[in-house]
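To begin, one chain is listed below as structure tokens, in the form predicted on its own.
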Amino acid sequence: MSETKNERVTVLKTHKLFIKGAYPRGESGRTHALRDAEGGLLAHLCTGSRKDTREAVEAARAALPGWSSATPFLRGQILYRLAEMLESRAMEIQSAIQETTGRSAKKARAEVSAGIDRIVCFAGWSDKIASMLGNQNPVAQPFYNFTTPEPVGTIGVISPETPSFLGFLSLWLPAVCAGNTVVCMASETWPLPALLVAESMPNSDLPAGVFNLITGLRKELLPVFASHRDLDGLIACADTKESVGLRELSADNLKRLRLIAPDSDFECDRTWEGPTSFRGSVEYKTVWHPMSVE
């Protein structure tokens, strides 16, 4: 055989979306490139659209009653199972971070370890949210007064560009832990770690629709997330210009909005593993119950 016939074109992977436990291609048929730190072509990514986002929100809404009513113990067990799945793929995720972002092996390994530990942390949080965030309030009337946390509902999550693994996990884990369902947009530039997480979801026992992942262009998808009327909340890592647009569009349906600065320190355990991590993921119900008087 000639040298020409021995040459072959590498078959590059096209990473799909993750919606309702399945991996559909984008409805528009568009793709965009995933490149390595030096600009070389690594793979292709499906470019999510307004319709893809709508379908993901519908899947998340349908999964909400079952997930929010699941016992906290069960939610914790499922998140712990996800940590087990990602632990077995730790080297693959580390390689993805190194290859796409150019981070050193040491830093990539530290990010993967911190991310998996964070999943374990929220697996433990699941049955402690009520006792830590709830309260019995002293009142000057013959009533018992209780405040209890509840999930907001279906939440949109806009991931930071970097860190593409730890930052991505830090935004949606508290929401799912608290009983919400989520539609996440991965990092536009470095979505590969998020896509590897999505590939592990079916084996983690997480019910279909609880977690959904869209890849695409921020300028196209941010307005779609902010204006969607069936998203109860939005947790977004956005710069100053993006934040203005998100506030304006979210106000139309009184969507709960939590904005996070792109330069946030996602390695800070106190911020991202403590009670404040649930901001935007829980709301509070206060119940008055009459007290018997002898």
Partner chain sequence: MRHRRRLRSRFLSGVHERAVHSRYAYTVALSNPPSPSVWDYAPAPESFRPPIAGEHGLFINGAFIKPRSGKCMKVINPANEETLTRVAEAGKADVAAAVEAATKAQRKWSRLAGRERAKYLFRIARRLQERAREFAVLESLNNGKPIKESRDADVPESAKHFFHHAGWCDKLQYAIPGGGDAKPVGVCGQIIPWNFPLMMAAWKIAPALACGNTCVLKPAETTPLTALRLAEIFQEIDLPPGVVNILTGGPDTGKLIASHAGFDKIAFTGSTEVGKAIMKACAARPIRLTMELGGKGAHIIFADSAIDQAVEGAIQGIFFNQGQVCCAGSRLLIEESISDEFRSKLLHRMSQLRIGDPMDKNTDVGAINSATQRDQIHRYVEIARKEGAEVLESGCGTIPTKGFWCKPTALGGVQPSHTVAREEIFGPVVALMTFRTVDEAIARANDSVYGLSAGIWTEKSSKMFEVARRLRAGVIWCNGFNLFDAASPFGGVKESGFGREGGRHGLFEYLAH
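In this text, all values refer to a predicted model and were calculated from it rather than measured experimentally. Residue numbers count along the first chain shown, from 1.
One more form of this protein exists, namely the form predicted in complex with its partner chain; it is left out here, but the text below deals with it.
*Asks:* Is there a heavy atom of residue 77 no more than 4.5 Å from a heavy atom of its partner chain in the predicted complex?
*Replies:* The answer is yes: residue 77 has a heavy atom within 4.5 Å of its partner chain.
*Asks:* Looking in the predicted complex, any heavy atom of residue 120 within 4.5 Å of its partner chain?
*Replies:* Looking in the predicted complex, residue contacts with its partner chain include residue 120, since a heavy atom lies within 4.5 Å.
*Asks:* Check residue 13 for me: does it contact its partner chain in the predicted complex (non-hydrogen atoms, 4.5 angstroms)?
*Replies:* Taking the distances in the predicted complex, the answer for residue 13 is no, it never comes within 4.5 Å of its partner chain.
*Asks:* Looking at the partner-bound form in the predicted complex, is residue 275 within 4.5 Å of its partner chain by any heavy atom?
*Replies:* Close contact exists here: in the predicted complex, residue 275 approaches its partner chain to within 4.5 Å, heavy atoms only.
*Asks:* Choose from 80-88, 213-221, 179-187, 153-161 the stretch whose residues reach within 4.5 Å of its partner chain in the predicted complex, heavy atoms counted.
*Replies:* Going through the listed ranges, the match is 80-88.
*Asks:* Candidate spot 132, 270 and 292, all three in 4.5 Å heavy atom range of its partner chain in the predicted complex?
*Replies:* Yes, each of 132, 270 and 292 comes within 4.5 Å of its partner chain in the predicted complex.
*Asks:* Determine the residues of 136-160 with a heavy atom within 4.5 Å of its partner chain in the predicted complex and present them in sequence order; the list may be empty.
*Replies:* Counting only heavy atoms within 4.5 Å of its partner chain in the predicted complex, the single contacting residue of 136-160 is 144.
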